[in-house]
Every structure is written in structure tokens, then in C-alpha cells.
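Presented as C-alpha cells, the chain that follows is alone, the form predicted on its own.
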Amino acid sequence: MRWYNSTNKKFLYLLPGLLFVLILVAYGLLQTIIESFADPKGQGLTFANYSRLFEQKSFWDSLVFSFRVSFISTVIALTIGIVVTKFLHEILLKKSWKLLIWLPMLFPHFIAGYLILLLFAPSGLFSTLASQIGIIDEMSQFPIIVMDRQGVGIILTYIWKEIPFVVLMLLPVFAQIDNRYKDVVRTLGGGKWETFRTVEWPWLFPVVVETGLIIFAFVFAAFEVPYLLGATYPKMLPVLAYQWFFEGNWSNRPLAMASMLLITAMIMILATIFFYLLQKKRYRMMRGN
């Protein structure tokens, strides 16, 4: 059959994935766009839902809270992941150690959040131990770490979960760096910091940015862990959207759609900006600048 050439064959292999994306993701996104602009009185499309959304104090508080939790989780996970990979990459290339560092990735995020709850809740394991060994007189004196207004429990969960992901992304980069460049720096009198800054960091930087963007986007749009460990107020934006969508007041459903569409738009804008900057960076590296 003529149509079954190598190009069409590749397309047929991709067809199930493309249909999945088009039917579920594209259709859902299209419906979200339509409902976020739908006139409450059924008279076409309008920006009234967005105007009403921007007047909600809970929306702005949730947006700031979501950004802060996502940013802190991302930066700490990246920092620890870089340090762990930098000093342990030769050990981590062995299969047994690689499995150990990736162990947290085997747990779903909801399970990880539940573990944090069991460990750090006011009646959890650490508060019980602190009370029994005399660090605190009563378990109620244990610091509030979960379901707190600062999102510490949420941040701890994502740090624990995302550090192995950072290591997973950076390990191949460290494995491919030519050690002769490091020898040149040492020969010229450079120390460990100079070696890292001039040899390793230029190769790590694009991967670090991409990994950070993935983690930030994931945390920013996450629902299950903030729903489990978050405080009553402020909520992470996806949790607030969930509340608006499922509560009895149907007039708030367009607010949920508008807020989720804004999350998608912000992530896509960030991804486009960083993609453009990284392409320029890689182009300069290829030219040796």
C-alpha cells in the first residue's frame, strides 16, 4: 500500500497519543475557555467572569500563596538536588545507589503528603518523640508544620518528592562532562568552585532551568497535596478552584474555570520565555561563546 510509507508509519504510531491529547486535553481546555468567558445570562461571551475573579481577595491571596509555595519548593529541591548530584554522582551511577535515591519517586504524591502528616502533625510521630524525651512538655507545644498558613507541610512534601527528580535529570549531565576540562582548570590553579563554575555549571544550567520549570509548573497546578496539608486560608489556587466548582453556588463555576485558565496561561508563558532563552544559550554554547 502506497500510503503506508515510512512517514505515515511514524504518524500511525503517534496516532493513539495524539488522539488522547486531542480528545481529553484539547477538549477539556476548549470547554474551560468557553465556560470562563460564558455570559451568566446566556448572552454570548464576556469578560465579566474575569472582572469578578480579579475582585476576589481570596483569588489574589491564593495566587501569592501558590507562587510562594511553588517557588520555595522548586529552589530548595533544585539546590539540594544539585549538591547531591555534584558530590555523589560517581556513586549514584551504580544501580543499587541509584534505586535508593529514586525511592521517593515510587510513592504517589498523596501518599508522600500523608507520610508528612503522620510525621509532623501535632499528634504525629515527631511531636510524640519530642514530648517523651522532654524537649516539649505537651504535644500541643510542637510547632504547627502541617495545615499551616505558610504551607510548610506542602513544601516539605514537594522537596522530598522532587529531589530525586532533580538528580534523575542532572545525573546524565555529570556523567557526560569531559573530565579533561576539569584537569585544565586545576592545572591553571583553579579550585573546586572554579571547576564547578567554569566547567560544570554551563552544562548544568539549561537542564537546571528546565527541571525547575517542570517542578514549578507541577507544584503550582497541584491539587492533592495542598488539599490534604493546606490550611483553611489561604488555599492553593487549584484547591480554591475546586471549591468554587463543587460548592453549591453555581454562579462561582465560571470563576473556577477562569482561575484554572489563568494558571495554564501563566505556565505556558513561563515555558515559552524560558524555552526561548535556553535556545539562545544552547546556540551560544554550540558556537563556543
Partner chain sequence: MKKNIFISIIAFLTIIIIAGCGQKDTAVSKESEAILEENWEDIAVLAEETEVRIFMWGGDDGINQYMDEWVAPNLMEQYGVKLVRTPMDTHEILQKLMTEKRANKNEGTIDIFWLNGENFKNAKENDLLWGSFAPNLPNYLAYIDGESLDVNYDFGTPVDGLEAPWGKAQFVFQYDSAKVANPPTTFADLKIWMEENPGRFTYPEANDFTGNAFIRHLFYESVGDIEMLLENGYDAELANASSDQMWSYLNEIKPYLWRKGETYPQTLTDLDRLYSQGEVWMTMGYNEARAVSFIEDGIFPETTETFVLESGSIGNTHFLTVPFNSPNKSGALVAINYLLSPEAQLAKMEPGMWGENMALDPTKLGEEHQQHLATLDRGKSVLAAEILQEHLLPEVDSRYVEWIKENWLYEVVQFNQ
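Positions refer to the first chain, counted from 1. Rigid core here is just the name for the largest C-alpha set that superposes within 1.5 Å across the two forms. Values in this document were obtained by computation on a predicted structure and should not be read as measured data.
A second form of this protein, the form predicted in complex with the partner chain, is not displayed here; the remarks below concern that form.
Trainee: Can all three of W160, L171 and D183 be found with a heavy atom no more than 4.5 Å from the partner chain in the model of the complex?
Mentor: Not a single listed residue reaches the partner chain in the model of the complex, so no.
Trainee: Can you tell me which of 188 to 196, 202 to 210, 104 to 112, 146 to 154 lies within 4.5 Å of the partner chain in the model of the complex, counting heavy atoms only?
Mentor: Flagged stretch: 146 to 154.
Trainee: In the model of the complex, does Q43 come within 4.5 Å of the partner chain, counting heavy atoms only?
Mentor: Q43: no contact with the partner chain in the model of the complex.
Trainee: Please run the contact check for P122 against the partner chain in the model of the complex: heavy atoms, 4.5 angstroms, yes or no?
Mentor: Contact with the partner chain, yes.
Trainee: With a cut-off of 4.5 Å between heavy atoms, is A231 one of the residues that contacts the partner chain in the model of the complex?
Mentor: Heavy-atom contact with the partner chain at 4.5 Å: present for A231.
Trainee: Is F246 a contact residue for the partner chain in the model of the complex, using a 4.5 Å heavy atom cut-off?
Mentor: Looking in the model of the complex, residue contacts with the partner chain include F246, since a heavy atom lies within 4.5 Å.
Trainee: Could you list the residues in 206 to 227 that come within 4.5 Å of the partner chain in the model of the complex, counting only heavy atoms and keeping sequence order?
Mentor: The stretch 206 to 227, when checked against the partner chain in the model of the complex, contributes only Y227 at the 4.5 Å heavy-atom cut-off.
Trainee: Determine whether the C-alpha of L14 shifts by 2 Å or more between the shown form and the other one once the rigid core is superposed.
Mentor: Indeed, L14 is displaced by 2 Å or more.
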